[in-house]
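Shown here is one chain on its own, the form predicted alone, set out as C-alpha cells.
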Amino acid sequence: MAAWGERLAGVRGVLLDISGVLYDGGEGGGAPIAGSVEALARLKRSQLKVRFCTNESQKSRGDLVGMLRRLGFDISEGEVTAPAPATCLILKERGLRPHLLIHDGVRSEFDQIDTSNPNCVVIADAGEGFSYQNMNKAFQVLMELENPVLLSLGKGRYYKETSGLMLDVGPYMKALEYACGIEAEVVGKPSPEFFKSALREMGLEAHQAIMIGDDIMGDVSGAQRCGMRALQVRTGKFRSGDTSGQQGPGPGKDSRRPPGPRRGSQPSCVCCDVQPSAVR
C-alpha cells in the first residue's frame, strides 16, 4: 500500500461527510463518533481547506450546524454544502412549484418556494412521513403531469443512527421511479454537480481535494467519478463487505445484513478508523 504521503500528495482541501463521520444521529441529537471532534479541530488548525458535504435532509442547515456545535464541533453554516438549499435554487431557476414529500425538520428551507399548483415533486428523507398516503399523493401528482419531474435530495440506501441502521430516501425514490416510469434528478451526493458546487466554494480543482465519508457509493464512488481522491472511514454505515466486492448473502449467510456493492462496480478506496492522531 502506498504511503500516506504519496496518497495525499497535492491535496489542499478536505470534504467531510457529516452523518457517520462526525456523529451518529439519534435520540437527543445523537452522539459524536469517538475522536471526531478532535480530528476536526486538528484539520481546522492545518493548512488544508475544510468543507462539509452532506446529504442531510431531515434538518435545516441552520439546525444541523447548531446541533453539531452543541456536540463540540467547530463548524459554521457557511461551510456546509447541503441538498435543500441547492434544491431551492433549482426550483427558482426552473420555475418549478413542488409538492413536498419531506421531513418537517427541513420544511423551513422551502418557506420562500411557491408550492401552489405543483408541477414537480421533491422527495427527501421524510422518516415517519413515508406513509402509504403520502407516497401515494406524490405518485398521483407525478402521474397527472405531462412532463413529470421528481427531485430527490440524495439517493442513499440507508444510514446509521445510535439505535441502528435506518432506511434513507433512496428506496422511496426508487419506488416512485418504478411506479411512474421516470428517472429522478438527484440533488446531493453522488451527483457530480453537487460535488463541483462544494469544490467551487473551496476554490479548488477536483485533483486538489479528498472526500472523507462512510458511504462507498455516495461519498467514495461519487467523489472519484469527479476526479477527487476518496477515503472511507470505518464508522457510520461502513460494512466490511463495502470493499470486498461481495454481491450479498448466499446460503447460510445472514440475509439481514445489507449487501456490499457488486463486484467491479466501485472504484478502490482507502479505509481508516477515525483517530485524531492521524491528522497532522
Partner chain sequence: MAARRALKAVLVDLSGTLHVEDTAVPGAQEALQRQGATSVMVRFVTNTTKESKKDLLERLKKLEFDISEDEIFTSLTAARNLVEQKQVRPMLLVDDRALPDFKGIQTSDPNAVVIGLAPDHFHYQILNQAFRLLLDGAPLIAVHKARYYKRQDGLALGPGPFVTALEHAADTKATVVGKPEKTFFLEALRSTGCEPEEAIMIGDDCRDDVGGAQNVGMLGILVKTGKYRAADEEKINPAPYLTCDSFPHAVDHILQHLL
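Residue numbers count along the first chain shown, from 1. Predicted model, so just to flag it, every value in this text is computed and none were measured.
As for the form predicted in complex with its partner chain, it is not shown, yet the points below apply to it.
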With a 4.5 Å heavy atom cut-off to its partner chain in the predicted complex, the contacting stretch among 72 to 80, 186 to 194, 167 to 175, 91 to 99 is 167 to 175
*asked:* Please tell me whether any heavy atom belonging to Q112 falls inside 4.5 Å of a heavy atom of its partner chain, as the geometry stands in the predicted complex.
replied: no
My question is simply whether M135 lines the interface with its partner chain in the predicted complex - judged by any non-hydrogen atom within 4.5 Å. yes
Check whether G127 has any heavy atom within 4.5 Å of a heavy atom of its partner chain in the predicted complex, and answer yes or no.
yes
**Study point:** G181, heavy atom within 4.5 angstroms of its partner chain in the predicted complex
**Key:** yes
Contact check, 151 to 168 vs its partner chain in the predicted complex, heavy atom within 4.5 Å, ordered by sequence, gives K155, R157, Y158, Y159, S163, G164, L165, M166, L167
